[in-house]
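Starting off, we have a lone chain in the form predicted on its own, written out as structure tokens.
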Amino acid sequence: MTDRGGGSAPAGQPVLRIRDLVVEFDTPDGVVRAVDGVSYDVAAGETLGVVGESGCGKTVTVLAVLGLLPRRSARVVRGEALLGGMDLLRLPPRRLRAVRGKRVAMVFQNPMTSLHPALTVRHQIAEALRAHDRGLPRHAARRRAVELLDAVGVADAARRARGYPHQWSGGMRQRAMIAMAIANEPDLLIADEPTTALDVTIQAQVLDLLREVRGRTGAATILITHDLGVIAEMADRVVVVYAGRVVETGDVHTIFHAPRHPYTLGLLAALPRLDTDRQSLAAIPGQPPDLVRRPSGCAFHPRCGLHRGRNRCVAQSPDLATVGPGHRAACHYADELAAETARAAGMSAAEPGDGPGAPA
């Protein structure tokens, strides 16, 4: 990484620190607290996997950090998002725009809606370069755009770069988005469900590319997904989010082999396996909660097999507490779950590094 006057962090040091982030939306049914006190760090050279069901708040968290939420309906109630010495949540819009794309870049879930249909791919990548370096001549930016496309594995990049997004396959469009994201060598790369719409073969290629980009640039990476196979393949550490709150966090091996929250255990039980003869997948009962009328106590208790009618789960929201080295969980009965996990047949997950061999 290039020196940006205190921007890039040494390997292993936090690049982004999110602290006690609360985000609310105004809806016709009432106020939705989509993010409720989320805190996590991501370090230089690290991939942090953020996992949870749709609507749990994992994407809203990073959109709030980048100032990309709709202003009319969304608001950040409190929190910090520290990038170096800057709190991104308190930057004026002009300064935040200078950070986006330069210091922090995001690869969105659907590249077709992120690329302009009336502009060539080369033009769009070149403009991403010139947006942060107005002294860069157009011809140099176009040449660099082709180099970036070649670097992310686009065959015959000079010719293909003159094409339009609709002329590219989904996998190629995602490569173009990654090329655009790394164009300015960001300190932090955020990938939001980058493989959801891709077939298994192309998914593997995109994941390999993200891994290669991390190794080449040393950037911190936040990988947002509902797919635990992808997490097993890519992540160093994992943050599990439910109903807008972090319910478990730890290194990937610990999360997969010794989960201490019933929600994490349920997600792992639903992960397809190639190394067992299990004929069907276990499903978490019920539905995620209505965040307008959030359940009292632990938000997961209506779906939790460990609850067993105990009043503490209904009356008291559990804190995110240390349950092991570098491992925290928000469950009143995390110790009981350790024994439950050891007895549960077929509930362990794929070895990290194996996935996504079991297609999601």
Partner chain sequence: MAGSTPASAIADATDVAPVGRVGALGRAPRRRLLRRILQTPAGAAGVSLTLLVIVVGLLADLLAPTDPLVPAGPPLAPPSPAHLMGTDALGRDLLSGVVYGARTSLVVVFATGALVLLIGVTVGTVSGYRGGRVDDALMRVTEFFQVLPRFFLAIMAIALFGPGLDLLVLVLGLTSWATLARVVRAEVLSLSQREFVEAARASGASDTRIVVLEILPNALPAAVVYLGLLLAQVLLLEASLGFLGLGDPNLVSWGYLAGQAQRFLRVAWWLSFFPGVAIAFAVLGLNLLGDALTDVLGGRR
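Positions refer to the first chain, counted from 1. Since this is a predicted model, take the numbers as computed values, not measurements.
Omitted from view is the form predicted together with its partner chain, to which the following refers.
The single contact residue among Gly218, Gly171, Pro289, Gly266, judged by any heavy atom lying within 4.5 Å of its partner chain in the model of the complex, is Pro289.
Screening Gly297, Gly67, Gly45, Gly37 for any heavy atom within 4.5 Å of its partner chain in the model of the complex leaves a single hit, Gly67. In summary, the region of this chain contacting its partner chain in the model of the complex, judged by heavy atoms within 4.5 Å and restricted to 308-316, 289-297, 323-331, 37-45, corresponds to 289-297. Remark: Gly135 does not count among the residues lining its partner chain in the model of the complex, judged by a heavy atom distance of 4.5 Å or less. At the 4.5 Å threshold, heavy atoms of Gly55 reach its partner chain in the model of the complex. Within this chain, Arg72 lines the site of its partner chain in the model of the complex, having a heavy atom no more than 4.5 Å away.
Pro93 belongs to the set of residues with a heavy atom inside 4.5 Å of its partner chain in the model of the complex.
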